[in-house]
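For reference, the chain that follows is the form predicted on its own, supplied as structure tokens.
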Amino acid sequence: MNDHPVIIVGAGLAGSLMAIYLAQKGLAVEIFESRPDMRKADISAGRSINLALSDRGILPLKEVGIVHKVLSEGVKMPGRMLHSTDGQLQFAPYGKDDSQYINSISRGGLNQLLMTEAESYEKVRIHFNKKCVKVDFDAISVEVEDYKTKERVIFKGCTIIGGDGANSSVRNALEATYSDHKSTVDWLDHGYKELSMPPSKVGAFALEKNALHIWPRGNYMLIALPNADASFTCTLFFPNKGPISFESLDNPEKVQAFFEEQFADALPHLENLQQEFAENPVGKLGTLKCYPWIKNDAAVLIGDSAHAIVPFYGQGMNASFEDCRILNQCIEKHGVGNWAEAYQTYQRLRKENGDAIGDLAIENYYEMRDHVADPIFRKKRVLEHHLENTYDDYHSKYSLVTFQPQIPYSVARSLGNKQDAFLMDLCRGSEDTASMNVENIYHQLKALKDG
């Protein structure tokens, strides 16, 4: 192995975690980040959808020894709190009991923690305001431009890891290199806008603290995730165009009337609604799939650079962290410096699973906005809850994805969809779950799994 450092493009969540993994192997790492250091500069609000940290993301954090630092800033969410238009509430647990929960985490706070942890290693350096403008796979180098001075400098490495998000310069370079490179983005016709609920005047949570709140309204929804400071980060997922859309809510009076009609119990807590609705940008929602993810021993993609997804399974960060864990395993298997073989193995293991979680996230969007309020779906969840608490080896699709990190996303999707279809059919044809033969249902589900 030569003496050049590993180059990581992007100091986001995946890039920073991967730097920690590599630093713990004693490797030198140079990270180039186009943005300023968020620990020192104010980053504009409006695009920081809270993160839902679950078991797949927790496992890598345990491996590098920082999970306790991360979870100390999180808020447990063992289920969804559904808000109807008349203000009725219904709590729907995610797992079989309170031992299974996801954690609401601040994106900015977690990114800052990971960067600080990475920089605690002597051989790790993060270069901020340095945009990657060119990648040379033959020379294994990147050319970066300083945001302020516009000066360009070339840095040589032993390999390049692209962790620079959905608009990845490393992926763009791969596309330019491979004549048969395939890269597609499937955009939703919905966007999102971030809103906020501050703590109450006595510093308490305005809503139930330990829940992911959802106002499902068919073609759109509002969600709210709790923060450690007793505020909630809210996100409106909404059509971009049409009679009820971001385009149509074009003045304060329409915004107020719409929220009074559809989100009446949330409205009193959205203290800055008009300002935030007017000023916060509408974010795009798309699913990125591409191939290949690698270039010999020269480069590999991780996280959103390889598989950006919509946020509706809360798995974007978890999938990115799982990339880092699997890539680290591949490096350990093939030996530090044997990048080509490690990358080949990593791509073989992760490509189908990156595609699978992208598809799952789209499927869960329709479940969250359309189905969670459906009586048949609720009946199915009651039945699933009973099955999970009766049989240790039965896991719902949500549990397979969220609480079973040993099961690949592709397997979770295939098995979970089979189970869902079977149980929904049962619930359509039955008055209630109490009269069902649960043992017989379990054995039929087991046959589905084994078959």
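Since the structure is predicted, the reported quantities are computational estimates derived from the model, not experimental observations. When you see a residue number, it is the position in the sequence shown, counting from 1.
If you look for the form predicted in complex with a small molecule, you will not find it shown, but the lines that follow are about it.
None of the heavy atoms of residue 300 is located within 4.5 Å of the small molecule in the predicted bound form. For the chain shown alone, residue 358 is not a contact residue for the small molecule in the predicted bound form, no non-hydrogen atom being within 4.5 angstroms. With a 4.5 Å cutoff on heavy atoms, residue 34 counts as touching the small molecule in the predicted bound form. Contact annotation: residue 353 falls outside 4.5 Å of the small molecule in the predicted bound form, judged by heavy atom distances. Proximity to the small molecule in the predicted bound form, defined as a heavy atom within 4.5 Å, holds among 216, 165, 79, 292 only for 165. Proximity to the small molecule in the predicted bound form, defined as a heavy atom within 4.5 Å, singles out one entry of 131, 334, 209, 125, which is 131. Heavy atoms within 4.5 Å of the small molecule in the predicted bound form map, among the stretches 175-183, 148-156, 303-311, 272-280, onto 303-311 alone.
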